[in-house]
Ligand SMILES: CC(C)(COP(=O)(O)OP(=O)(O)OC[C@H]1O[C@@H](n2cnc3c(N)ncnc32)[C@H](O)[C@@H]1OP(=O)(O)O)[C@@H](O)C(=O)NCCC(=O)NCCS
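In structure tokens, one chain follows: the form predicted on its own.
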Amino acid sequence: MSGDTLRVRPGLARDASALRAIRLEALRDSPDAYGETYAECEAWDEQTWALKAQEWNFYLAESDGQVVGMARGESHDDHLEMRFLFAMYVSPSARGTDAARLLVDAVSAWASAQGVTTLYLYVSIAVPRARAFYSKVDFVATGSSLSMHRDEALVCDEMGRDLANFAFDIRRVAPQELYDLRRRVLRDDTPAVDVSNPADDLESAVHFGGFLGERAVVSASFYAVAAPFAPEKDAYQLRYMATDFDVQGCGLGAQLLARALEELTQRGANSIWANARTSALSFYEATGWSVLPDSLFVSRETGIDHVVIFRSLGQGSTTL
């Protein structure tokens, strides 16, 4: 298996059956590593798994579209101010690839976006290979331990990973670095959908990515296109604004947009516009955009309601 085929993404409600399959595989493979048992989880009905897929903040590792690993990022009932890595597992076929590291990094990125500086976990002393891996990716024992509720003979040591390398970083990128995020967030992760744009590689196009570690979690692309309601004026169009599912609401999109508009202003741009999903209007209005009156339409690409939004750059005016 080539590490180049691997992808790690946040799990969604529609992934309930994949979540069930990989979780049960983990419990069969390493029964002493987890607080739940195979028998307990195997007895959960379809509705229970659907609820778990909605409630859990989980991540799936995929190779060529096949799920080969999972992890969860959550707070702990006894430590609500802390963030923990739970339910970490990689299928035997994917061990030795980057799957485990990518899963841990995905949860680390989420934890950093939550505002904490350390990601914690509990590792069973009955699974020394797991502890060796965590040490390899910079987890350090804290000196604390606990026993599993289901079997006090199973002791877990607490370890922590410093998240200094997962501070939010905004930078110009090649558009191809954003295609996976565009497809997953904006196009329902449909493989057949082409998320490239003919103007992506034009010199006038500007692409920004927001990263937590190596993981792209926010995207925005800008094209030198005049607004249809003011074709005589130079402007930039914003497209493919997307924030990954697990870090939405953390303010990362607003940070990237502010940085992007600052750079576009420095490049001499004086106005910007976009076709915005109506579901995202509160975000845009909170960051200084205005809605063009009577501009509601249904996108031919997605079938979703949109409106035209706009703002001017540099002077704080909203007039194009």
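One rule holds for the numbers: they count along the sequence shown, beginning at 1. Just so it is clear, the structure is predicted and the values come from calculations on it, not from any experiment.
Here the subject shifts to the form predicted together with the named molecule, a form of this protein not shown in this document.
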| query | finding |
| --- | --- |
| Residue 173: touches the named molecule in the predicted bound form, heavy atom cutoff 4.5 angstroms | no |
| Residue 34, heavy atom within 4.5 angstroms of the named molecule in the predicted bound form | yes |
| Non-hydrogen atom contact residue 233 with the named molecule in the predicted bound form at 4.5 angstroms | no |
| The named molecule contact in the predicted bound form: residue 220, any heavy atom under 4.5 Å | no |
| Partner-proximal stretch of 288-296, 25-33, 265-273, 39-47 relative to the named molecule in the predicted bound form, 4.5 angstroms, heavy atom | 25-33 |
| Single option in 139, 89, 166, 240 placed near the named molecule in the predicted bound form, where near means a heavy atom within 4.5 Å | 89 |
| Selected contact from 130, 224, 185, 216, since only one has a non-hydrogen atom within 4.5 angstroms of the named molecule in the predicted bound form | 130 |
